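Heads up, the chain below is alone and in the form predicted alone; it's given as structure tokens.
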Amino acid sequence: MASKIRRGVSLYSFQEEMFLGKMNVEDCVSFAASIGAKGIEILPEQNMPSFPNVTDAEIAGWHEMLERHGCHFTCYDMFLDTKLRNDRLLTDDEQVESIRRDLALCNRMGIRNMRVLIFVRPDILERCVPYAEELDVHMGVEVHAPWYLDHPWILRTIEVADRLGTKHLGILPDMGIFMKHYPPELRARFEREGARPEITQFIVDQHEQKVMCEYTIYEVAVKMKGNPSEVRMAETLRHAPYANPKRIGDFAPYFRHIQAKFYGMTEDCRDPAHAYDEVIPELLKAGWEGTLSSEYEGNRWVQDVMDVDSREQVRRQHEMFKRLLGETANGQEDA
């Protein structure tokens, strides 16, 4: 029986090349199609220069472009600019109106999943549920490190969804919460900035043992009298959790899309940091249906020493996905 899990790419993955003018949006979509990653996750504020005043003609142009490459939209990444004004934060009513604007554009674009920033309050989202239901858009709160699936803040959103009995509010996991090993790209960057190998090894060992990050930061900053680069590396442990992969099936009913975070892939197409080889089997066991959407964030950690090649990194991740999902070369599941 074929897996219900599909493969896709967030356009965020190609931010380096787009910023430098080496790729445009259609180049990104064309490449995604070439590796069988037909689902496209879009960041309208980054990818649509006319945002938020997007015309029907522009939306039609996007769909024509996607159709040329056999692709489709999977997710709309919203941003809530609570600091839009310099004299105050947005009021609750203004926040609701901003989210309602995004829901309307998401619907106009024919997208049924909207990534919600993690800091959006559950009570604000509760007020938005009627609009989401009317427009048939699922609002998925991004579960992003240092938060995790069982975090009280995340559970508050799930409690709201359960109380309302709605299928249009839930979560959206960022796979950064399954960082089993410290990313080598991060360690190498800190060493280039002056961190001593013996200190970086200590930090890596502490993460491997899952020692509470605040203890490690204290050890490096106070006891070892670490230099600035060493202290910064220790502080990254606050954003390097390793959630239990076996729990993801318990939360599967609440999400429809996954941001497949990664910092770098090895030449043999394995992720040295994130536990995809443990998470994906649990998703398959749960019968989860949705898209694994590549989110490459290694660019900022290597751009000081090499040209970033987001395409090759994303290609390698999808080779890993094909292996873990049991796909053959023609995209079908192995018998």
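Please read these numbers as outputs of a predicted model, since none were measured by experiment. Note that residue numbering follows the sequence shown and begins at 1.
Although it is not shown, the form predicted in complex with another copy of the chain is what the next lines describe.
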>> Can you tell me which of 103-111, 211-219, 258-266, 193-201 lies within 4.5 Å of another copy of the chain in the predicted complex, counting heavy atoms only?
In response: 211-219
> Looking in the predicted complex, any heavy atom of Glu133 within 4.5 Å of another copy of the chain?
Replying inline: no
> Any of the heavy atoms of Asp92 lying within 4.5 Å of another copy of the chain in the predicted complex?
Replying inline: no
> Are any of the heavy atoms in Arg127 no more than 4.5 Å from a heavy atom of another copy of the chain in the predicted complex?
Replying inline: no
>> Since only the chain is shown here, I'm wondering whether Arg232 would be in contact with another copy of the chain in the predicted complex (any heavy atom pair within 4.5 Å).
In response: no
> Just one of Lys167, Arg156, His72, His181 has a heavy atom within 4.5 angstroms of another copy of the chain in the predicted complex, so which one?
Replying inline: Arg156
> Taking heavy atoms and a 4.5 Å limit, what residues of 251-277 are near another copy of the chain in the predicted complex?
Replying inline: Phe251
